[in-house]
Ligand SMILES: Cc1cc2nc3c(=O)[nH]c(=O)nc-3n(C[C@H](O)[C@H](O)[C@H](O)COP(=O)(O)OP(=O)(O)OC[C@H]3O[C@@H](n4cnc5c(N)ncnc54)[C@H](O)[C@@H]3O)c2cc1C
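Below you'll find only one chain, the form predicted on its own, shown as C-alpha cells.
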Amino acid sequence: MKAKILIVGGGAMGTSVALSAAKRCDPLTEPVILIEKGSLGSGSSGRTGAVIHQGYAERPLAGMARDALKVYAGMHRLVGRNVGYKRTGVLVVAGTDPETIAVLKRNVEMQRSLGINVKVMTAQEMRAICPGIMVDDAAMGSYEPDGGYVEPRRTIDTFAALARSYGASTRTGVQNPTVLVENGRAVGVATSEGEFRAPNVVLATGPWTGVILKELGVEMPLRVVRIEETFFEMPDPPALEDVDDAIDDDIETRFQPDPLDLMPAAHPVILDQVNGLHLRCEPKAKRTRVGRIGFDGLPELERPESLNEEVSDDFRNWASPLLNGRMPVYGEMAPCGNQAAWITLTPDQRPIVGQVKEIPGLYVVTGFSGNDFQLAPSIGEGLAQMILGQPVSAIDEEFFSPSRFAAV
C-alpha cells in the first residue's frame, strides 16, 4: 500500500497529524494513512486525564495551548462532533513562597499578553472558586476559567473520523512496525500486514519511539518513566443531575444531546504545586483522578512493554493524606481503583517534533511529558506544514527541533 504520508501510532498526536495532513492532501494522488498496532487510543494517550490548560511558563507552549483550547471548545459548533470538552476551570495552588509567587505572577502576565483568560488568585478567591479547599491565608494561585479537560478516547476517535472524512485511511491491528530505509532515506514501514510505502513516515509511537529509533541506529535523549494514579469517588456537586448511565459513549451524538454535557464536576481541575498533586474529576465514572505533578525519582523503563500496572502502596499512602489535607471532603470518599502508565520525557521537558537528521523522510513527535492533548492540534498543523514544505506557522520549529540535542 502506498501513501504520501504514513503515520505510525493512533494516539492524540498521530490522529491530529493525520487530520491536519488529510486536509492538505488529495486523497487520490497524495493519500494519508495511519496505522496502529492496537485500537485507536490504546496507548499512553488513552490513559491520560487529558487536562486542557494554558498555564505554561514558556511562551511558545502557552500560545499553542491557547490555540488547542479554542479547537476543543469550538469542535461541536464547527463540525458537529463532541470531544467531551468540559469547562471546569483550572486552579493552580502556588502556596506562600515569595519566589514561587513571583514566578506565578510573571507567567500569568505573559499568558495574559497572549490573550489567555487567566488571573492571579488570593486565598479568599480560591476558596470562593473551589468551596471546601484548604489553603493558607497568605497563599496565592491562578485560575483559568476556560480550562478543563476533554475525554481522551472520544477526542482521538473524533480526530480520526475527521481525518477519514478528508480521505485519510486508518488501519488498526497493524503490528510489528519496522521503518524501511533505502539509500539512507525512509521509504515506508514493514508490518504484520505487509509493507506500507511512503516518502514521509511519522513516528507518533509514544514510549516506543526511542526503541524504534535505536533499531535504526539513531540516538535521542528520551526517557520513559512509569507514573501512577489513583481514583476516589467524586463528591456530589451542587444540584447533581440524574444521568442515564446506560448511554453508550460510542453512539453518534451529532443529532442528540450529549450526556456528558449534563454531568457537572465537583470542583475545578486542581494543580497543587505545593504538594505536587493534580486532581481531575471524571463525572461519567463519578470518580476523581489523582496523580503526581513532576517526574523526579520516577522509575525508568528500558522497554515500554515491561510496564507493571500494579500501583504501589507507597504511592497511595503518599497521595491520600495530601489529598485529604487539600480537599478534606475526600476523606469521606471511597477508593475507586488505580492506574499505571508511561510518560516520555526529554532532558529539557520540551517535545521533539521534526525530521530525523540522519534519516530524511522520517519524522518524530515524542517527549510530551503527558501534555499530548494540550498541544496536539497545533503539533498536527505544524508537522503537516513541515512535511508538505509549507510555511510553518502553527509551531516554532527551532523550539521543538530534534537537532537541539546534537551537542548534548
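Quick note: we count residues from 1 along the sequence shown, nothing fancier. All figures in this text were calculated on a predicted structure; none of them were measured in a lab.
What follows is about the form predicted in complex with this ligand, which we do not show.
J.: Answer yes or no: in the predicted complex, does this ligand come within 4.5 Å of a heavy atom in every one of 128, 272 and 330?
T.: No, the whole trio is out of contact, none within 4.5 Å by any heavy atom.
J.: Could you check which residue among 355, 378, 54, 48 gets a heavy atom within 4.5 Å of this ligand in the predicted complex?
T.: Contact residue from the list: 48.
J.: Identify which of 59, 37, 350, 66 has a heavy atom within 4.5 Å of this ligand in the predicted complex; exactly one of them does.
T.: Only one option qualifies, and that one is 37.
J.: Looking at the partner-bound form in the predicted complex, is residue 204 within 4.5 Å of this ligand by any heavy atom?
T.: Output for residue 204 is yes: heavy atoms within 4.5 Å of this ligand.
J.: Would residue 220 show up as a contact with this ligand in the predicted complex if we use heavy atoms at 4.5 Å?
T.: No, no contact at 4.5 Å.
J.: Is residue 3 close to this ligand in the predicted complex, meaning a heavy atom pair under 4.5 Å apart or at it?
T.: Output for residue 3 is no: heavy atoms all beyond 4.5 Å of this ligand.
J.: For residue 362, is any heavy atom within 4.5 Å of this ligand in the predicted complex, or not?
T.: No - in the predicted complex, heavy atoms of residue 362 and this ligand never come within 4.5 Å of each other.
J.: Just one of 85-93, 330-338, 100-108, 221-229 has heavy atoms within 4.5 Å of this ligand in the predicted complex; which?
T.: Heavy atoms within 4.5 Å of this ligand in the predicted complex occur in 221-229.
J.: Relative to this ligand in the predicted complex, which residues of 9-28 have a heavy atom no more than 4.5 Å away?
T.: The stretch 9-28, when checked against this ligand in the predicted complex, contributes 9, 10, 11, 12, 13, 14 at the 4.5 Å heavy-atom cut-off.
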